[in-house]
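The chain below stands alone and is given in structure tokens; this is the form predicted on its own.
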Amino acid sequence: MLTHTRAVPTGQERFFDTEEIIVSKTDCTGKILYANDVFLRVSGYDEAELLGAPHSIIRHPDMPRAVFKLLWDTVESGHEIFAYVNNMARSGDYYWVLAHVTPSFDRDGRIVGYHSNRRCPDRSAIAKVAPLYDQLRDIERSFPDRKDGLVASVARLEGILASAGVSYHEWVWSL
């Protein structure tokens, strides 16, 4: 793993083909153990930069932390999750994905890492997701204490889902 200066968002979106799948595997702490060629090309990182790096290396600062809390809580409990995620390439460009993250288990049923397949999302779904994520991010940033912002953002997300009578998983597939 090489170190580098974190990119500054450019506001430019990059795309990948609807037939392509971005694949990565991580250990239990989120350090990248494998990245396929599509991941390398779309993220703009080379393999040496990604292997051993935290998966958050591609986290866009506009993503609400509440979504990642939900994602990690879900996979650490042994379940899969589908989530829309806005990632940031090495250049600072962004790219949306529909991520499917699953835990990997050893023979004794213990989680030994995570596997993520990310597909090109439907644009109509992004049009619905982005305003919610903006709202959650704004809540998080309105608190001087990051933990308080996260708690408020998670509460808002859970409230929205409860009002709709759906889980996050059901909400994602309703888009």
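Here the structure is a predicted model, which means the values were calculated and not measured. Numbering starts at 1 and runs along the sequence shown.
We do not show the form predicted in complex with a small molecule, though everything after this point is about it.
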{"query": "4.5 angstroms heavy atom contact with the small molecule in the predicted complex for L50", "finding": "no"}
{"query": "Residue contact check: A66 to the small molecule in the predicted complex, 4.5 Å heavy atom", "finding": "no"}
{"query": "Distance check, Y114 to the small molecule in the predicted complex, heavy atom within 4.5 Å", "finding": "yes"}
{"query": "K128, heavy atom within 4.5 angstroms of the small molecule in the predicted complex", "finding": "no"}
{"query": "Contacting member of R59, R119, R141, R41, with respect to the small molecule in the predicted complex [4.5 Å, heavy atom]", "finding": "R59"}
{"query": "Interface stretch in the predicted complex with the small molecule - options 133-141, 50-58, 104-112, 120-128, non-hydrogen atom within 4.5 Å", "finding": "50-58"}
